[in-house]
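Next comes just one chain, in structure tokens: the form predicted on its own.
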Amino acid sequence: MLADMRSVVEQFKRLDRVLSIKREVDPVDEIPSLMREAEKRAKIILFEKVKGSAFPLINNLLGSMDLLAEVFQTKREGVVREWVARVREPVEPRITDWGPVKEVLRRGEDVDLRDLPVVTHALKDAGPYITAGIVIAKDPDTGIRNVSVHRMQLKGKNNLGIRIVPNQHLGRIQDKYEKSGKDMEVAVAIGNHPFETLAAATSLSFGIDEFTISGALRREPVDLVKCDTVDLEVPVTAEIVLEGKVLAGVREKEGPFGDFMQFYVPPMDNHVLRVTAMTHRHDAIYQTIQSGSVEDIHCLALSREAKIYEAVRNTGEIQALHMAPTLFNCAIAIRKRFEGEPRDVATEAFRAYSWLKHCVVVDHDVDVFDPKDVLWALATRAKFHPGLLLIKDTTGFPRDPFHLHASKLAIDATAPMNQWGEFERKTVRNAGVMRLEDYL
């Protein structure tokens, strides 16, 4: 088991999947573009020197399915099945006395969030944003932890603007505190093992501690240590932790911010987080995630792919499924057993995940992780009549004033039954594994 983020990075270095940038770079004018270039190469990028900060910065930890599969120690098509199998057995976290994240402690006036290499990701973003922090809080009625991911705008020495959606779990918890006139204590862990980040991005029933899910993914307890200024526990192997309080009754303008759809969320009144302490490792690495990037979609999609997989696997012989490049579309590969089966599979997928806008069902020989291959299947195998299923006036993505998500489309892009001789894909002749470099 790779214990923390840096052990994952070391593993990827051995696999030549890490780009290390040694020259000093600017977090506003250079880093966002360089991160996009690393995404195109499907590699992690590590900035060793960031202008204005003593902390190195890392990005794109889960920026390809191969990287994600390596974390799960499986193949690309096996990641969703691994998730489903592991989360069936939640593992309670374990409280410890100390951990590396406690090596350096800053309190009160010694805290200065501007020391962190917080990135301004998009041209019209309101400023630098923390995007890879997992936010930990406790329900005041039950004491059960909630762990979730929220954008945080850097507003000053110890102030962050934090987006908390009212009907989401953290919003419900914050509302309880606010109605009793109390600030909500939170801790923000940055630079986590991917399993902690994936669990925090998961939609669970209210009242389930997400650390039990990351423990299930690890197949061992997550070790937690108590904070110094708030009554909370954080992963001992996090790189950086911010402790503080979300102020009751206080709202400030936050945004605009380029969101996961790659549009700008307009400025709005959002909550304020006052930071009371920062702890970190001696050689801490700051992590960031570009909203709307492949890494961001992988983090958000995996638990949703699992919901779809569990819903459709009894309807069809599922080979693989994948949601990309957004959370609104899914490609599902099956071994078709009868005509009409793709329609049944897509229908169950829509029932399982309300945000799903279109679903393409393809044959087992199509790579659902390659959009070009899915488009090839659409061009060469789809029969739009009667292969289309259009569902009107239904539930979709809720932030939709123009009703763009109020209908759904399923497409059968599979070959006709019993006609495989006509639709078998050609195979390129080769004499085994060959490298172009050997011929240059």
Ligand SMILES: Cc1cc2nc3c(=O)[nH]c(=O)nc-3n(C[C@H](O)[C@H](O)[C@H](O)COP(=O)(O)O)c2cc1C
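Note that the structure is predicted; figures quoted are calculated from it, not measured. Numbering starts at 1 and follows the sequence shown.
Below: the form predicted together with the named molecule, not depicted.
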Looking at 101-109, 366-374, 200-208, 178-186, which lies within 4.5 angstroms of the named molecule in the model of the complex, counting heavy atoms? 200-208
Since exactly one of Val236, Val149, Ala284, Val79 fits, which has a heavy atom within 4.5 Å of the named molecule in the model of the complex? Val149
Answer key, the named molecule contact in the model of the complex at 4.5 Å (heavy atoms) among Ile164, Val345, Ala216, Ile334: the residue is Ile164
Gln153 near the named molecule in the model of the complex, any heavy atom under 4.5 Å? no
Would Thr131 count as touching the named molecule in the model of the complex under a 4.5 Å heavy atom rule? yes
Taking heavy atoms only, is Leu300 within 4.5 angstroms of the named molecule in the model of the complex? yes
May I ask you to check whether Arg274 falls inside a 4.5 Å heavy atom distance of the named molecule in the model of the complex? no
In the model of the complex, do Glu305, Arg399 and Lys408 all reach within 4.5 Å of the named molecule through at least one heavy atom apiece? no
